[in-house]
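As a starting point, one isolated chain is supplied in structure tokens, in the form predicted on its own.
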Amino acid sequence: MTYCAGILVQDGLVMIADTRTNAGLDDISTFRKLHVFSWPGDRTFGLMTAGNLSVTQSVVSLLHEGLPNPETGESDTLQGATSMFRAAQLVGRAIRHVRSEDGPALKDAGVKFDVSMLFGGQIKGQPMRLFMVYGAGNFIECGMDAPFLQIGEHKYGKPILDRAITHKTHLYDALKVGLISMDSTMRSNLGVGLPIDLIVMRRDADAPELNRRIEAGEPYFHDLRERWSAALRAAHTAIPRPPYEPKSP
């Protein structure tokens, strides 16, 4: 399983992804699902992936190498995209290219072509944007009214983001809430787990401000988990019980 969240606020973008690809009694594997494409001084993109690992790896490799353009005979690359919209289109094209190449063989083997991605970042002089790209290569964009997008096992972490995130949320408060959202998902689904990869991109900066991996036992994340659990217990204790209990005769 997978959980990835992208949070776009007025000061920048936070992207958080777990790394667990398989979870069983004796088979737990990890693989990086957050990929950074950066040309300092010009553009920085983050790409998070969910779905069939062979498919997502192929898409990421294509984006690194470039996609052949039959009209020009050259390769289209993220570095050459003229806007974030065009860059998101390129991600969609890469997904469709892999589907056309590998889809029939996967279908014959009884394997579902399963992929979704979060793609965000900024090109110098243009707005910072965040997109969710689907398996068909189409995409939607994050907006001010709903300043986050999720892929993978999103249902456990979504209520946290719904209640706490607005467009005006401080950039590092967004990171904090995103980590609480990740912790809530990890507690409810063993298919999502540490390590956690994250990046923070400040609007109009030349490169990622923070690019970090949180390993098991990391002091801040451990403290965050304990404080959040304690805060939830204190909150429900402070709320009066429902006045519905039958009175004793």
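Computed from a predicted model, the values in this text were never measured in an experiment. Numbers for residues come from their place in the sequence shown, where the first is 1.
Although it is not shown, the form predicted together with a further copy of the same chain is what the next lines describe.
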query	finding
Contact at V60, H64 and Y134 by a further copy of the same chain in the model of the complex, all three, heavy atom at most 4.5 Å	no
Segment assignment from 51-59, 205-213, 65-73, 34-42: heavy atom within 4.5 Å of a further copy of the same chain in the model of the complex	205-213
Contact test in the model of the complex: D162 vs a further copy of the same chain, heavy atoms, 4.5 Å	yes
Y172: touches a further copy of the same chain in the model of the complex, heavy atom cutoff 4.5 angstroms	yes
Partner proximity in the model of the complex: K155 to a further copy of the same chain, non-hydrogen atom cutoff 4.5 Å	yes
Touches a further copy of the same chain in the model of the complex: T30 (any heavy atom, 4.5 Å)	no
Within 231-247, the residues that have a heavy atom no more than 4.5 Å from a further copy of the same chain in the model of the complex	A231, L232, A235, H236, T237, A238, I239, P240, R241, P242, P243, Y244, E245, P246
